[in-house]
Structure formats: structure tokens, C-alpha cells
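Each of two forms of one protein chain follows alone as C-alpha cells, named structure 1 and structure 2.
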Structure 1
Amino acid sequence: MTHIYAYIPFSNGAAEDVAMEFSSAAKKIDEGAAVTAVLTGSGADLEKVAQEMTSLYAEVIKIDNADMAYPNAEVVRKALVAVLPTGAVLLVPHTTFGMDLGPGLSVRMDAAYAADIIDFEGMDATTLKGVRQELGGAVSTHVTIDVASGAVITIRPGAFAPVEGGAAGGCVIDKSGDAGDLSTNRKFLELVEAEVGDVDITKSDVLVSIGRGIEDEDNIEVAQELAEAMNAVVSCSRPIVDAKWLEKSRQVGTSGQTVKPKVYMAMGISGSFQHMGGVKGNPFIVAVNKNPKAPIFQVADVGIVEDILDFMPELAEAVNDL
């Protein structure tokens, strides 16, 4: 039986959604795998999340240290190397923090490294087969990961179906004393809050999100009309912000805002992992794109191959006629 470790990040006393997704990912690796959650941090929030994770995982390791009160991959790397056993297979979210943590951690563990995995195709005694996406999602690649000496694998958030908690009845194991000296050259200086714009897209239940398919700044009005008809808010992907057509506060993605709407309408958005990494909470996704091979269709609940400049006015009119 394979023993898998899942690194669970959290903030403000709440675990990220990958906490529920890693259970599914582990089962795709090995249906009978033993899975241990690993949390690093400091204080009451760490204790709270660790206890909550016992409803998902039979075993939860916590490492409590003041140096990990704020995310610092260099510190976390030292702690994990000290605590994880030789040959461990560790799942890490493919986020900006995970991309900082993972490569160096695999070197320190003398283990294999695989990044941005979206699926697994099983494993034998020493090798694990994973699936990645290349060229913006246009091509899927199948990779073989040698796990004989362990592995660090970053998992794309949202790639695996979440598993609800409630029955694991796990226990928390305090490994804080095993972490050793966590002093590093990298120090936390300050937390810079994102600028607040004219609207808060993180509070909206329905988002009409536009990408390159909007073509011109003047066409944003078309998206706004649809949003008004649906009592929604207009958000966007990074190219729209880079073009200075909308402000940064409306950007969804790993370099923008993280949103949890009930309905996410992706209008002319390709669906790169950098963008979809900002869409959490398992919303109902409606995707409209002229390109039938756009990656967004792989995660959409409803996919429509159409020009958004033709589709949005018709939908707005239909909604207004209801």
C-alpha cells in the first residue's frame, strides 16, 4: 500500500480547496493508499485547521513554528525535509507558493519532481503515470514519475473532484519538535494588501468574465449589459488588465483575485491554469469561445462554440425578456 502525504495550505483559519481535492488525487494514484495531511504554520489557526482536517484524513501532521506564521517556502522546505520520511510521495498545490516550494524540496529530499499534474493513470511498484497539459492546454502529455526514492508532485487546483469530509475520524500528530532549526536567509517583511477597486468580485455570486475574445475596449459595454441583465459583475483575465481596459481588482487568476461564485461565465477566455487557479469553490462554469479546442471546455459544465460578441447580446436580450 502506498503512503501519500498531502501538503495543505491555509489562510485566515480556513484550508484551501485543495484539501478536499487531494483525497481524490491520492485515490487515483492508489485506491488503497494511506494519506497523511501535513500542515505548517503557527498558533490557533493551525490548530483549528488541523482538527478540521481529521474529518478528511486519518492522520494529520502539524508543524507549529513562529517562523511559519506567514508563508515562506524556504522555511517550510526545511521543516518538511526534517519531518517527512525517506521515500515520501508528497502532493503540493500548483500555486505560486507551491511552485516556489516544490523544486527545491525535491532536491533536498533527493526525490523525483513532477509539476502541474491534472490526472493520474495508476502506478506499479516504482513508477507513477501522470498527465500534464502543454501549449496552453492544447496538448496532453503523459509522464512517468519514478517514485522509488519518493516524489514531490504539484497538483493543479481544481483538476480533481473535491471529497467532502465528515467520517475520517483522524488524529493530529504534533511534529513541531522534530522540525529542528528553521532559521533561513529569507525573512518576512510585510503584508501588502491588494488595492480595493470600484467593485469586489470576490463577493459576487455570478461573474461575467471576459478575455481576449472581447477584442476591443469598446466591446466591454456588451459584457456589462449582460452582467446587468444577470445581476452579475464583470471580471476578466490578465490580458484585459495588461491592456489597461479594466482595473487590476477585476482580474481573476493566480496573479489576480481568487473568487468563489456560484456561476462563472467565461466569455472568450482560453482557460489557462493561471486563470482557472483563481476560480475556487466548484462553481457552475459556462464557457463561450470560438476555438473548440480551448482548454476552458475541459472544465466547463456548459461549453458553447460561438463568438462572444454575437452570443452575449442575444443572451442579455433573452434574460431581459424573462
Structure 2
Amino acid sequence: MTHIYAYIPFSNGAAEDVAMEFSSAAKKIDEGAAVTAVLTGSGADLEKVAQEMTSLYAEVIKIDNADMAYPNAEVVRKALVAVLPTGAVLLVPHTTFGMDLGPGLSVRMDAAYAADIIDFEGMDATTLKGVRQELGGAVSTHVTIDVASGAVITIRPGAFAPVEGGAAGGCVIDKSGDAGDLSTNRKFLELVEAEVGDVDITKSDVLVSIGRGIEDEDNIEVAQELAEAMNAVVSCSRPIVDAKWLEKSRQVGTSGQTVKPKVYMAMGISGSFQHMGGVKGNPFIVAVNKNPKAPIFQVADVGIVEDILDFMPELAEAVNDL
């Protein structure tokens, strides 16, 4: 039987959604696995979330230390190395925190590392089979993970079905005393909130969202004209913001805005999970892309293989003529 540990991040006293997804991910690794939730933090928030996790996990480890009041991955890594047993298989979300924590943790634990896993296909002795994607989601791969001496595995948020709070009747084990010296050479200073832009894309029912397929800053006008015709707002993928063609507040995705429109028009967007992670509420997704193999066509409702620079003006004209 495998012993799996699930690191549960939380903020403002609420566990992240992955808390419910990790239990089903663990079952897919090994149906009979013992699963222990691990939480780090400080004070009442930590205590509250740890108690809540006892409904999902039979065992909940909490490590309370003022140095982890803000989850500085450098500090959390030290605490986990001190507390987790050798050979532990640890699940961490593939988020900006997990990406910060995980790779170095696997080195410190002398364990395997597998990033951004979206599915498991069972374990054979100590070889675990996982599924992940490469090249921005254009291709999928099977990987084998040798977990004989443990593993750190980051799990894509949303990839595993959430398990609704059962009655695990678990207990909280306080391992704060085992964390040891948590001093580090990286000190958290402050959080700087994202700037608010002049347009709030989260308020629009229809978004005309452009990606790298727009090719040139001058072409953005074409998208604006379509948006005007449709009474919609222009949003975009990250490369458009990186190029400074549109402001950050128009970016859809995990590192941008979360939007819940009725209709999402993805124009020249490949459909990476970080982009689609910001598209919520199950909108009607229309994808126009000149590559018939673009991953966006796997998640869109309607797909059109065309050059957006030709297609958008024609669609705008047709809508204006209605």
C-alpha cells in the first residue's frame, strides 16, 4: 500500500479547490492508498482549515510556524523535508506556489519529480504511470515515475474530479515541533496587487479574445471592430500583454483575469491550460484558428479553421448587416 501525502494550500482560511481533487488523484494512483493531508501556515486560519480537512482525509498533519504565515516556498520546503518520512509520495498543485516549491523539494527529498500531471494510469510495483501534456497542450504523453524512493508530483488544478466532503473522521496531528530551523535566504517582503485597468473584461457577456494569431499590433483594430459589432469587449492571451499591445487587465488566464462570459470567441489562441484556466462558467466557446490541430479545438464548442485576419472583418461585416 502506498502512503500518499497531499499538500493543501489555503488562503484567508479557505482551502484551495485542489483539496477535493487530491483525494481522487490519490485513488487513481492506488485505490487502497493511505492519504494524509499536509498543511503549513500559522495560527487560527491553519487550525480552521486543518479541522475542515478531517472530513476529507483520515489524517491531517499541520505544521504551525509564524515564518509560514505567508507561504514562502523556501521556508515551506524546509519544513516539509524535516517532517515528511523518507520515501513519501507528495502531491502538490501545479500552481505558481507548487512550481516554486516542488522541483527543489524533490532534490532535497532525493525523490522523483513529475510536473503538471493530468491523469494517472495505475502503479506497477514502484513504477507509477502518469499522463501529461507538452508543447502547450499540442501533444499528450505517458510518463513513468519511479517512486521507489518517493516522489514529488505536481497536479494540474481541475484535472481530477473533486470529491465532495465526506465524513473521513480524520484526526489532526501537530508536527510543528519537528519542523526544525526554518531560516532562509529569501525573505517575503510584500504582495503587490495587479493594476486595475480601464476596462473590466469580467463584466462582459461576450468576449472577443485574441492571441498570438493576431500577429501584429496594428491588427488589433480588426478585433476591436468585431467586438464593437457584437457589442462585446476585447480580451487577450498572455503574449499580447507581454508584447505590450494591450494592458494586463485584459489578459484572460491563471495569471490574468478569470472571466465567466456567455460567449467566448478565441481568435488565434492555441488553448494552453493557463489560458483556459481563466475561462470559467462553461461559456459557449468559438475557436478560430488556422491550425486544424490546435488544442483549443478540444475544448471549444464550435471550431473554425480560418485565418482570423480574413475571418474577423468578414464576420464583423455580416453582423453589422443583420
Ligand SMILES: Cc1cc2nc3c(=O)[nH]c(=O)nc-3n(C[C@H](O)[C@H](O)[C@H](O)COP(=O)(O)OP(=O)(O)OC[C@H]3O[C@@H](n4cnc5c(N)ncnc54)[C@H](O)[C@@H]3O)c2cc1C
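In this text, all values refer to a predicted model and were calculated from it rather than measured experimentally. Basically, rigid core = biggest C-alpha set you can superpose within 1.5 Å across the two forms. Here, a residue number simply tells you its place in the sequence of structure 1, counted from 1.
Structure 1, not structure 2, is the form predicted alone.
Core-superposed comparison between the two structures: the Cα of residue 82 travels less than 2 Å. With a cut-off of 2 Å and the rigid core superposed, residue 299 has a Cα displacement that reaches or exceeds the cut-off between the two structures. For residue 156, a C-alpha deviation below 2 angstroms is recorded between the two structures after rigid-core alignment. Relative to the superposed core, residue 237 moves its CA by 4.1 Å between the two structures.
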